[in-house]
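The chain below stands alone and is given as structure tokens, in the form predicted alone.
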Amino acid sequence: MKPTDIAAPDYFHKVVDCQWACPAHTPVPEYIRLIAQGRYSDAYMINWKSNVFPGILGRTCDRPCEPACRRGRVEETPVAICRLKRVAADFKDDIKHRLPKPSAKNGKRVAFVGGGPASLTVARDLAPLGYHCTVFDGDPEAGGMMRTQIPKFRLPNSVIDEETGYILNLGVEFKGGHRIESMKALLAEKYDAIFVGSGAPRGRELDIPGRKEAAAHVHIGIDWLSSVSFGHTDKIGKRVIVLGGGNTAMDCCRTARRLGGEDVKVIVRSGFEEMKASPWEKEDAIHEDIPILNFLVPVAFIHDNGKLTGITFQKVKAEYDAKGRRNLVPSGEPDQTLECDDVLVAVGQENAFPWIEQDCGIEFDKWHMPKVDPKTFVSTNPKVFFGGDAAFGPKNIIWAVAQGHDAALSIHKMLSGEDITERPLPEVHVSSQKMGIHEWSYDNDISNDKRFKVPHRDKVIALKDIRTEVELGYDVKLALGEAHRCLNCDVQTVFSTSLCIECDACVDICPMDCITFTENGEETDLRHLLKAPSPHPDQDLYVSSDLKTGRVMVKDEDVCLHCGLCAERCPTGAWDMQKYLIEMTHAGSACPTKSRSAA
């Protein structure tokens, strides 16, 4: 193998698994260290720059970072990255003076369709550069689905108001209660660019017998949640069935419990493990005495002259073909009917663009989705960009934020006369952590603590009020304990071939056996020569140039814990612990070209 090029920006970025997995590439270990130091405002600002909504995401993110967390390789549970993000938001000082200031307008106008996380991210990036940003939304307040579809017991209005306010106060014009009905009309207003962040606003229907006759008591989940959010709906029947296995279904069932539902069930066509809902969302529903019944497919709504009385279900089972693909087939058991007063249908969401005319230069695919470049987020009309759920279908807030950053960069480059397909490299800041022979400027002791449980409000109290937040968040003591569980994966082991005397001291002390000195060879051969098994070829091998004996040093990045013992033990300083702070380049920041060295 060739020597590893650690100057490539993505090399050590991939080693910081949590940051690599985060769509917005938030520098996770950096802000967790700041939390451990009690520097909550600094930790918040790192988050704000990257993921825009730390307080909101600290309560609602679907946490793609946590399954990637390296802590999960030495014990069962990862670091509570998401809930530590909330800690930064809960304990920060007033940070308004640290936000960008509204700047003089540059004469360019950008319109935004929808006031959700994708649009607000684009506006956050563009407004400080002088763009006149106008956000149109059918709802009276900004936030989109964050405000209308996430229950207040999970996400209070005060948090939404605060973090959307930070963006609107940058000089962004918000036109609430102004729904865009025609793309052609919007184009005619001669905006320099248009960003569509209208989400996936239509809940998927369930067209089975009895649907029309029982319509008064069969509700589309996301529409019903919006009605509850705005105070139009404040009660529901005592017996409620929620159809669907995603996070919207979990929000529906828990909301129903607070509006009078005494017997609330979630019924899913798939198995429990295959449900799309996040594991913690399922746990919260079960904790609130909501059973989840699996492998049941609804076949008919049962009604008595239009009054809903129940649903009939077919029992199914999972069968797998030779390629491992699952099919749900009838189990042969008799159908069963479950009684209910109301049904909430949460079986998926769809995009809807009836307001985009066919002759305005925006092409759609066979699924009626706009044709959008996945890198630049431009549509087939060069002035119209899409992002968030409107671009590629329903996902979580963090994906909308990441796409918003990329779209903002494209808009800025287009309006600056640059090629929007040229994407800048991230900024990489490198600093040695060495302070003495055995001293580092970070805490490299490995905490043996298990994941700390986030305190919850008493169930009886929580179920009485739909606006009472259930999760209480970590206090300072719990946050410190959880922060110490982070393994500092952004502090990298950097090897200097010229200083190595091949004494193998680092091999002897490594607790994970991830360092091997061996003859060079092809990657598949080297992986079989390593001291510890190497089952994950998606993680790179760190290979040195030839040493004096002709051997090479090979380190498996997959199993390294970044403990620094190799660097402490090395008598010549051939190993160093260097912090790599990787920050993604957004619109308006210095944009390094692809020829720039990152380290």
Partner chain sequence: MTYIAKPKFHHPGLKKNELGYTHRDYEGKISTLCAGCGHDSITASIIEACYELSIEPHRVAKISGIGCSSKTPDYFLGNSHGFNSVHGRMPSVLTGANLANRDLIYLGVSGDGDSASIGFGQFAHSIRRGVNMTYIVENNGVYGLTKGQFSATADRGSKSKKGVTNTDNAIDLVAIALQLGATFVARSFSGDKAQLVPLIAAAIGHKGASFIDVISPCIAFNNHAGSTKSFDYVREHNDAVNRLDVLVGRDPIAVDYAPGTVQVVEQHDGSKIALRKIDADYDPHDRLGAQTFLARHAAKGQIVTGLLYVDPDAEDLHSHLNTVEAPLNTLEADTLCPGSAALDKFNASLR
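What you see is a predicted model, and the numbers here were worked out from it, not measured in a lab. Numbering follows the first chain given and starts at 1.
Below: the form predicted in complex with the partner chain, not depicted.
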**Asked** Among Asp94, His97 and Lys395, does every residue place a heavy atom within 4.5 Å of the partner chain in the predicted complex?
**Response** no
Among Ala505, Met369, Val297, Leu328, just one has a heavy atom within 4.5 Å of the partner chain in the predicted complex, namely Ala505
Note: exactly one of Leu463, Met512, Ala352, Leu480 sits with a heavy atom within 4.5 Å of the partner chain in the predicted complex, namely Met512
Looking at the partner-bound form in the predicted complex, is Arg71 within 4.5 Å of the partner chain by any heavy atom? yes
Applying a 4.5 Å heavy atom distance criterion, does Ile501 contact the partner chain in the predicted complex?
yes
In the predicted complex, does Asp475 come within 4.5 Å of the partner chain, counting heavy atoms only?
no
Whether Asp365 contacts the partner chain in the predicted complex should be assessed with a 4.5 Å heavy atom distance threshold; does it? no
Of the candidate stretches 205-213, 241-249, 418-426, 446-454, the one with residues having heavy atoms within 4.5 Å of the partner chain in the predicted complex is 446-454
Applying a 4.5 angstroms cut-off on non-hydrogen atoms, the residues of 526-548 near the partner chain in the predicted complex are Lys531, Ala532, Pro533, Pro535, Lys548
